[in-house]
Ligand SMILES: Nc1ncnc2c1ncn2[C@@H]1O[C@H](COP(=O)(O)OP(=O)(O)OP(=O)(O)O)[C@@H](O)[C@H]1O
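To begin, one chain is listed below as structure tokens, in the form predicted on its own.
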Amino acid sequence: MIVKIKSNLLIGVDLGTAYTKVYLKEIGMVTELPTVIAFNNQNNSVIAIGDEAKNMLGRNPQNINVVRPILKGVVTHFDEALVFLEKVIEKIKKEYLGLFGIKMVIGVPLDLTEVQKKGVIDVALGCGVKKVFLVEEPMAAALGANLDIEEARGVFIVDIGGGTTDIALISLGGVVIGRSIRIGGDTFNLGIVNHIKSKYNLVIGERQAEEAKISVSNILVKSNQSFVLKGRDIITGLPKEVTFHSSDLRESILEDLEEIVNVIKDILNLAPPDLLGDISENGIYLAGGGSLIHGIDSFIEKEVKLKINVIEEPKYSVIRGIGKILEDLNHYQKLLINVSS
């Protein structure tokens, strides 16, 4: 394999709770994989990352430790996150060589503490990255949706990710009002587990809950989509099957959706009147993988009485925005936070 030489390797990373996506300047998105890593406990060697490691979740023997290093948008397992990112960068280095090192832009949720931001930066620096920039995910998502966030007008975006939902009112290249809540695809999965246990006396794992969520992917009452769940009957302890319907999905995540709506309403109540006029005219933009569940847009629209626009390919909104920043780093420098040298 011929290694391509670049003066600087500019890498963008959406280091998500569920999935990590990587963008390389002038190339585009080069990697998408689950943010999971598996170790051999006996010698601490890496067995697998990404899909292979994710397939081990809930099925691993005692000698294998399967770790999700990012939880609810925060680096909770520093060493494992470091090794995970190192492995991701290693794959890129096999094809590309940066003569003057690597610069990296990483998307982070709103409301991270300075310590949490430093944790993200330290992970990247520990991988040998020369310079690290952070960008708030709703800013990146808005850029990825081709919204003009630098004008004196209000852009309201809701980014439902794997670990967090970031809700922000943006104007003049900054977040006017914003909140990050620890609700996302993972809490949807947990809601399904709890709902099935309560309603059907059936114990299932989060992995199967995720499969049901993706397969049904619809909370509209009239939908006829379904998924067969297999687990353990609480009463008999024996294997049991139940059919999971869209109505079950709706009931499972309703509390989380109501929390998202409440925060949207809070931000709308605090919005400056002039920006509120912009929102009334243009509506709210929905991004992130969670917005792929059909019916979430209409649910929010009914509750807040504003038009909801699901952006194109919402799952990739943040990494597309990070890619835009990489392609014109000088112009978008003002959007970046916590620059390290």
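Computed from a predicted structure; not experimentally measured. So that there is no doubt, residue numbering starts at 1 and follows the sequence shown.
Just so it is clear, the following notes concern the form predicted in complex with this ligand, a form of the same protein that is not shown.
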* In terms of non-hydrogen atoms within 4.5 angstroms, which of the given stretches 239-247, 264-272, 159-167, 81-89 touches this ligand in the predicted bound form? -> 159-167
* To do: Run the contact test on 186, 214 and 217 with a 4.5 Å heavy atom cut-off to this ligand in the predicted bound form and return yes or no.
  => yes
* Structure fact -> Checking 251, 122, 256, 210 against this ligand in the predicted bound form, the residue with a non-hydrogen atom inside 4.5 angstroms turns out to be 210
* Consider residue 323 of the chain shown here, and say whether it contacts this ligand in the predicted bound form, taking contact as heavy atoms within 4.5 Å. => no
* Asked: Is residue 69 close enough to this ligand in the predicted bound form to count, meaning some heavy atom within 4.5 Å?
  -> no
* Contact flag, residue 24 vs this ligand in the predicted bound form, heavy atom cut 4.5 Å -> no
* Asked: Closest heavy atom of residue 292 to this ligand in the predicted bound form, within 4.5 Å or not?
  -> yes
